[in-house]
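First comes one chain, alone, set out as structure tokens in the form predicted alone.
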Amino acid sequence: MSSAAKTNAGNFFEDFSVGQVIEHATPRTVTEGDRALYGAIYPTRFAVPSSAEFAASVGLSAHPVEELIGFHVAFGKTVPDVSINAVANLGYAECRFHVPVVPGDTLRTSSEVIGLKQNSNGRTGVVWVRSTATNQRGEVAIDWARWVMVHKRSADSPAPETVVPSLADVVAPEDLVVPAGLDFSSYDDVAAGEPHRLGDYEVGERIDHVDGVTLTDAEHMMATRLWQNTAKVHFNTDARPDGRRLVYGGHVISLARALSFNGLANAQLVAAINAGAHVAPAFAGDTVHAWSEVLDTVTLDAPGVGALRLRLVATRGRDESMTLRGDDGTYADGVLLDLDLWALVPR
């Protein structure tokens, strides 16, 4: 007797409808183990998530983990329902970090479908969702929009009405959430690792982060499992025609963020992700480098706190010219990630 009815193959493009709300399974409690393993996988050295003493010195008595730990955990909850049958995750927008995630917090995620568009090949379509992660107190920890290309169950299925949501290009500075109590007025440059503050950065400045990390299948699969992200393309060599395991895009984001410490050590906290695009796929054997461009600088109301709007670019191999696009407007060869974010820095 078949038990196939008890298993779940995940949603295909036809299964989504605009306005649909999905409550994702498996709430997850963040622990100090997540902090330790994150530091083992990524070369991160930012002082706030690394040192409870440093965090307390800037007003954060409860020691937060890296914002991307919360993001990956919350994102991973959405995968079985949104993107387990994905071709690729395409982009992000309007991501805000509302309250710091600390060990002991339990995150659960829900998503609303906000857009659908069948692709011209008739075999795939793009699904837009807005996801919200809340903690055990019911507070919004993180919310974001993303869009993903998903396989259709059948090419013969009719196309839905096209709905493409309008998303902001950037989270406005006045909408950035500064963690309660954050105070950089007695900030320790020596402990943080660099002296460069808000006024030391100029709009248009580009920073080569110099260092690189070579991807391995073992590490990227372990990281992706840590977040309980079950997308087939990251683990199963049968899931892609070329037989290669696709590296989870969030893994590249975390690598680039960690590499950016060299030149942006004082970009202590990520306040928002304005936009993001996984420009090209990454695979084991690729060596990831990163560079940043300063897009804006803002003084915030919190004591001693400013914000840098940064374009964080991950590349396959080091590009000392820091070229984002060619003369024809398309992304330069080797660009893997184009991420637009706000980071909180001392001023």
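Source: prediction; values computed, not measured. Counting begins at 1, following the sequence as shown.
A second form of this protein, the form predicted in complex with another copy of the chain, is not displayed here; the remarks below concern that form.
Heavy atoms within 4.5 Å of another copy of the chain in the predicted complex belong, among the stretches 157 to 165, 176 to 184, 202 to 210, 139 to 147, to residues of 202 to 210.
Contact between residue 230 and another copy of the chain in the predicted complex is found at the 4.5 Å heavy atom cutoff. A residue is said to contact a partner when one of its heavy atoms sits within 4.5 Å of a partner heavy atom; residue 296 fails this definition for another copy of the chain in the predicted complex, lying far away. Shown alone here, residue 91 lies farther than 4.5 Å from another copy of the chain in the predicted complex, counting heavy atoms only.
Contact annotation for residue 214: at least one heavy atom lies within 4.5 Å of another copy of the chain in the predicted complex. Checked against another copy of the chain in the predicted complex, the residues 222, 126, 277, 114 give one hit for a heavy atom within 4.5 Å, which is 222. Note on contacts: among 281, 39, 304, 59, the single residue with a heavy atom within 4.5 Å of another copy of the chain in the predicted complex is 39. Looking at 55 to 87, the residues that come within 4.5 Å of another copy of the chain in the predicted complex, counting any heavy atom, are 63, 80.
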